[in-house]
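The chain below stands alone and is given as C-alpha cells, in the form predicted alone.
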Amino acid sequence: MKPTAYDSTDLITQEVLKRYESTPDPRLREIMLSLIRHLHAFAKDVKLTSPEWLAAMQLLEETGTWCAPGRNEFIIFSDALGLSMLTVTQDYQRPEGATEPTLLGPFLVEGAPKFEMGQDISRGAQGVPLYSHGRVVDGQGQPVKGAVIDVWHSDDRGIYDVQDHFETNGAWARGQLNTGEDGRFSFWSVMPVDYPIPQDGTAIRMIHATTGESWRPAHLHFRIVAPNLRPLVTHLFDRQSERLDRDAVFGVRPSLVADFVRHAGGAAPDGRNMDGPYCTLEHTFVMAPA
C-alpha cells in the first residue's frame, strides 16, 4: 500500500476527494465532493475534537430511534436549522401569483383517511369547530379538477394524532380529499393552536442549548397534487397567532398568513347551524405548472 501522510489534515481531505471523484452518477458526484469539502472545512474551522465528534455520532444514533411512521426526527433537526426552508425556497421556482410553498414538517402520513367534500375530518379531535373551504386553480385561474388534497393539523392541545397513541387511536385531524369539477374543496375540523415542537426527542435538546425558540404558530398543513402541475406543500397560518415572527422552523411567509374568522354561532357557510362558537377559513390555492 502506498504510504499516505494521514497526519496532515489537508492530505486527508485530498485523499478522500480523490476516491469519491470516481462516483459514476454526475449529480451524486457533485453533491458528495462538495459535502466532503464543506464537512472537512467545518471540522477544521471549529477544530472539532474527537469527544465532540463522538457525541454527534451518538446523537445521530439516538435520533434514529425517535423516527417512526408519521414522525421523522431528522426532519425536525433540518427544520430547526433552517435547512428545510432554504431548500424549499431555492428549489421551488414559482411563477408570480402561485401559492408559496413552505416546509413539509415531520408529521406527514401517507395513505390518510379519505373523505368526501364537506365532511368532518376531525374524528373526535378536541377544539373549536373549523369550516375550511376554497378553491384550487392553475396559473390562469382555471379550476383544477380532481386535485388530491392532504390536510393535517394539531388539536387544541397542540399535538398531532401521531403523538397520541397513533397505532391504537388511529388518524384524527387528518384527511385526504379530491376537488370537484369546479376545483372547490371544503371540510370541517377543529381549530389548530400554537404548539411546541416535540419535547421528547433529540432535536429539542439542541434548541434548549441554543435559540430556546421551540414554538410554532397555529397552522394547517396542505399537500396538493394534480396532473401536469407542480405538487404544492404549504401551510396556512392563523393571523391571530402571537408567534408568527418566532416560528421555530422559519416556515412563516406573509402570503400564507390567513384569516381564521371567529363566529359566535349561527349558520355556517355550508348551511349547518352552529349553537356555539366556530371559525371559518376561506382560501384559494394557485398551483404552478410542472
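Just so it is clear, the structure is predicted and the values come from calculations on it, not from any experiment. Just count from 1 along the sequence shown to find any residue number.
Here the subject shifts to the form predicted together with a small molecule, a form of this protein not shown in this document.
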All of Y195, R216 and H221 within 4.5 Å of the small molecule in the predicted complex, heavy atom check | yes
Listed residue that, although the small molecule is not shown, lies within 4.5 Å of it in the predicted complex (heavy atoms), from P129, G118, G105, G134 = G105
Of the candidate stretches 74 to 82, 176 to 184, 141 to 149, 87 to 95, the one with residues having heavy atoms within 4.5 Å of the small molecule in the predicted complex is 74 to 82
Report yes if any heavy atom of L236 sits within 4.5 Å of a heavy atom of the small molecule in the predicted complex; otherwise report no.
-> no
Any of the heavy atoms of L232 lying within 4.5 Å of the small molecule in the predicted complex?
-> no
